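Coming up is one lone chain in C-alpha cells, specifically the form predicted alone.
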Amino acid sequence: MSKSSETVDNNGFIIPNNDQDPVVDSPAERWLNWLGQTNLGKCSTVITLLFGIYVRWNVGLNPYSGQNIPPMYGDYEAQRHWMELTLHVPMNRWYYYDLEWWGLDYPPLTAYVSWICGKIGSMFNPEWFALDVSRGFESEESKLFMRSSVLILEYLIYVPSVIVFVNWWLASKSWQKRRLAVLFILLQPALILIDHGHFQYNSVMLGLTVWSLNCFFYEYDVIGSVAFCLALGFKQMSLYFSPAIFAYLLGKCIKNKPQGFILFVKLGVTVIITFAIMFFPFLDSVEHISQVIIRMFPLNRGLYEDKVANFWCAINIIIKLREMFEIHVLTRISLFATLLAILPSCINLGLNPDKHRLVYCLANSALAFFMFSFQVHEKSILLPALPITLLILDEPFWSSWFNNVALFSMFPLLKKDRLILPYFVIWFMWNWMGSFVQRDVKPVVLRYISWASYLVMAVIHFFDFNIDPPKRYPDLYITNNFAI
C-alpha cells in the first residue's frame, strides 16, 4: 500500500484511504454511478435490499440440509425440531429431552427465538411442530415458513446493523462508496448459502455482533456489551470474537483513568445481569445449569467434526493426533495454540483501544479460533468472514480472496446439500460485481499467489465433477479442499 493511499489516526493506526477507488470500474460501481446520474441515488439502498431479498429467495428455492434424507435429515430438521421441542416440552426439560434426536445444544436465546417461530408457525399449521410425530416433517408450505423466518430475522437484525456500520465506518466517503460497501457485504456468498441454502440462523448472531460494534463506535459501551452478550446467548460460537471485545473494553477502561473504573463496574454488572436474565430459567440447580453448559460445549465430540479447513484437520493427514492423545490433552493443546495465536493482536488492542483496530482484531481472533480451537465446524468460517467482509473497501484484495477461499472450503458441505448451482452462480456474481479478481496488490507476487489458488480450486472442482476418487482414498478431493 503506497503512502498516498493510507492515513494514520491519533494512535498511529494505519487506515486505508478509500478515495483511491478500491474497486476500479466494477459493474457495481458503474451501476451506482448510473443511479446517481438518473437521480435514483436516494433509492439505491432500497434497490440493494430488494435485490438481496431476490438473491436469498432464489437460493431458498434449492434443497436444504438433509432434505428427503432420512433417518436424521439435517440442520433444517434440527431447527424445526427445536421449535417443536420448545413449544411442547416444559422449559426445565429443554436440554434433556431426547438428546439423540437433535437435542438442543445452543444457548437459551436460540431456544427462545425457536419458541417464537414455532408459536407463529403453529398458527398456520400445528402439524408442522406436533410433538414427536412431526419428526422429519417436510412440505412446501413448512419450507416456505422456515425460509421466510430466516429472511425476516436477517432483515430485522443483520441488515440494519450493516447499514449503520457502513455509515459510521465510511462516514467521510461518498454515498456511492457507502452503498457499494453495503451491496458487497449483504451479498457475501458464504452467509447467503449457509443461512438460506443449507439452513441456519447465523445472521442473527452476526447481526448482534455488528450491533455491538456500532454501539462501541458511538460510545454506547454498556449497550454494546448487552448486544454482544445477546450474540453469545444466541450462538456460543460468538466466543470467537470475545477476546477482541474484552481487550478493547478493558483497554478503554484502563486508558480513561478518571472514568475507567466506573465503566469497568458498569460493564461487569451489565454482563452479569444480561446473562442472568437469559439463563434464569436454568439456574434452579447446579445440575441443570451444568447440563446446559455440557450441551453447549460437547467436548466428547472430539477435536473437530467432519472435514473442516482448519489446522487440526489438515495436520491429521500426517499426524493422527486424535489417535495419539486423549480428549483432555487435545483440549489443552488446542487452547494453548489458540491463545498463542490471539494474544499478540489482543495485547496490541488492549494497549491501544482504537475502533479501527478493534475490527482487525476481531478478524484475527475469530480466525485463530477457527484454525486452532476445539470442536470446529466448517460453518464456523462465517465468524472470521464477518469482520473481514466489513473491510471489503478497506482491504478489497484480502477481503475478497479470503471470502473466495472460505466459500471454497465449504464446498463439500454445499455439495452434500445439492447446492452446487447456487454455489457457482453467487460466487461468480459477487466476484463479477466487484471485479475482485482483477484487483491489483503490492507486492505483485501476492496477485500471482491468489491466481494460483484460484487455479487449484478450479482443478479440484474439475476432477471432483469428472473423475471418481480412488476407492482407497474416498475423501481425496475433500482432503485437498481443506488442505488448501
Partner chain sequence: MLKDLIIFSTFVKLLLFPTYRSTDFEVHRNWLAITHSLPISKWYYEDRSEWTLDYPPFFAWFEWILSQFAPLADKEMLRVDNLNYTSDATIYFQRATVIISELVLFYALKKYLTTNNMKNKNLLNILAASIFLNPGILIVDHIHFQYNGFLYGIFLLSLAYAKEGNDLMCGIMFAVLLNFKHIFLYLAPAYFVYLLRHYCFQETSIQGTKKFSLKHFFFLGVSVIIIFLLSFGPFIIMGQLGQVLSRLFPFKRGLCHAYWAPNFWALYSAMDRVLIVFAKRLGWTLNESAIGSITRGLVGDVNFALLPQVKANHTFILTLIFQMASLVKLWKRPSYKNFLVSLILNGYSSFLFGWHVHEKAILLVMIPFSLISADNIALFRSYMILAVSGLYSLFPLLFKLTESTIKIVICLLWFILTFMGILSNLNYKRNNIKKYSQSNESKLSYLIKIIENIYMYGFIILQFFTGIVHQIIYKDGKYPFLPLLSTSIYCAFGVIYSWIRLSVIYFLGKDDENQEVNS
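Only a predicted model underlies this, so the values are computations on that prediction, with no experimental measurement involved. Positions refer to the first chain, counted from 1.
Form predicted in complex with its partner chain: not shown, discussed below.
Contact annotation: of the candidates 50, 69, 458, 446, the single residue with a non-hydrogen atom within 4.5 angstroms of its partner chain in the predicted complex is 50. In the predicted complex, residue 31 approaches its partner chain with a heavy atom inside 4.5 Å. None of the heavy atoms of residue 287 is located within 4.5 Å of its partner chain in the predicted complex.
Using a 4.5 angstroms threshold between heavy atoms, residue 293 stays clear of its partner chain in the predicted complex. Contact annotation: residue 140 falls within 4.5 Å of its partner chain in the predicted complex, judged by heavy atom distances. Annotation: in the predicted complex, residues 271, 273 and 278 none come within 4.5 Å of its partner chain through any heavy atom.
Although its partner chain is not shown here, in the predicted complex the stretch 27-51 places heavy atoms of 27, 30, 31, 34, 35, 37, 38, 39, 40, 43, 46, 47, 50, 51 within 4.5 Å of it, in sequence order.
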